[in-house]
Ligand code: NAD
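As C-alpha cells, one chain now follows by itself in the form predicted on its own.
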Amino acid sequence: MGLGTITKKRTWLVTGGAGFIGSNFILAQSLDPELTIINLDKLTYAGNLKNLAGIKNHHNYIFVHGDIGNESLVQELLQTHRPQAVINFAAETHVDRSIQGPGAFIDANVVGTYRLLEATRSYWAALPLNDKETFRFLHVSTDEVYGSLKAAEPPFSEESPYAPNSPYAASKAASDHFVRVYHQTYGLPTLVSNCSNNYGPFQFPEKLMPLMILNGLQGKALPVYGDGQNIRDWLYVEDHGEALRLVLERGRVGETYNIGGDCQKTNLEVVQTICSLLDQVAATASHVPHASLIAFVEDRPGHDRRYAIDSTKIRQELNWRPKETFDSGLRKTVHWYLSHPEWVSAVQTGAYRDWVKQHYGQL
C-alpha cells in the first residue's frame, strides 16, 4: 500500500528544504491542505529562507534550523510530529566547492545521511504495523554518481554502475549506498531518486544558468569551462518536484528511479541560448549581443564530459513526463531572475563574489 492510498492528514519531514530543489518542492506541496511539512535546514550558503517567505506563516508549514547530523534533534522532530515520510534533500552539492574542500561534503552527505537514517530507523521500528508499512524514506540524489559518458554511449539507467569522478559525486554515491543498505539490512522502506541537472527559480547563482543570466544582465563576462562541449541533461525543477511526489506516493520500496529531462545540451549551447533570450529582454543594453561576453576559462579538474538520464522506468511505472521543454523552462527561469532583483541582491554577497573570483579568475 503506497502513500497515495492514505486519506487522513499527513506530515512529511523535509530536510534541506531551504535549498534550490527543496524549496521548490515545498512550495508546490504546500498547496495540499491535507499535508503538513516540517522543514529541517542547516542554512548553509545555499540555504535561503527567502525562498520560502511566501509560506513562512502557513499553518501547515514549520521551519526548524538544524543539521541532519544532529541525531537527537532529528529524533525529537520525528517523535513530536510523527511524519509519514522523510524526504532528504540536505546535501552539499557544488562540484567546484567539493574539489576545494571535500571534508564538508563527507560530513554533510555521508555522515549526515547516516545519522538521519539511524534516527529514522529508530522511529520507524517503533511504529504500529500499518504505519510501518506506509512509511517512506526518500533520498534525493544525482546522476553524477554514475560518472561520465562517452559521446556514443546510451544514457544512464538505474542499472548503470557507480563511477563518481569528484568528491561531491563520491559523497552522494556513498549516501545512496547507505540508503540501500538500510533497506536491505534493516527493512527501512527507502526510495532513491537520481536526477539530471536542475534549473529554475531560487537556484544559487554559482550554478551555470543563474550565473550566466545574472552576469549577462550586468554586462559581466560569461565564463565557460574548457571548450564548452561538456553535455548535461536539463530538467526544470518543478517537473522534478512532481516526479518526486510520484516516487514517494507510488514508487516501489527499495527501488531507484532516474529522473531526467531528456534534454541533452552542451554547456556552450545553454549559454548561447541564454544570450539570445537576454538579447530579447535587454535589447538596449550596451553589451548586446550578449554572446560577445562569453569567455572560455581553464577547465576544472575531473570535469565529466557528458551526463544523460534514461527515465524509462519512471515514465512506464509512474506515468511521469516533464511538462516543460528546454525553451519554455529557460524562458520562465530568465523571467524569474529578472522579476526578483531583491532576492538576487541578497544572495550576491561579498563571499559569493570572492568565490566567483577564485573559480573563474579575473574576468
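Counting begins at 1, following the sequence as shown. This one's a predicted model, so the numbers in the text were calculated from it and none came from an experiment.
The form predicted in complex with this ligand exists for this protein as well; it is not shown, and the discussion that follows is about that form.
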is_contact(residue 310, this ligand) in the predicted bound form, heavy atom dist at most 4.5 Å: no
Using 4.5 Å between non-hydrogen atoms, is residue 91 touching this ligand in the predicted bound form? yes
Distance check, residue 40 to this ligand in the predicted bound form, heavy atom within 4.5 Å: yes
Is it the case that residue 121, even though its partner is missing from this view, gets within 4.5 Å of this ligand in the predicted bound form, heavy atoms only? no
Counting any non-hydrogen atom inside 4.5 Å, which residue from 314, 26, 330, 46 sits next to this ligand in the predicted bound form? 46
Exactly one of 258, 98, 190, 198 has a non-hydrogen atom within 4.5 Å of this ligand in the predicted bound form; which residue is it? 198
Partner-facing stretch of 250-258, 179-187, 278-286, 134-142, counted where any non-hydrogen atom is within 4.5 angstroms of this ligand in the predicted bound form: 134-142
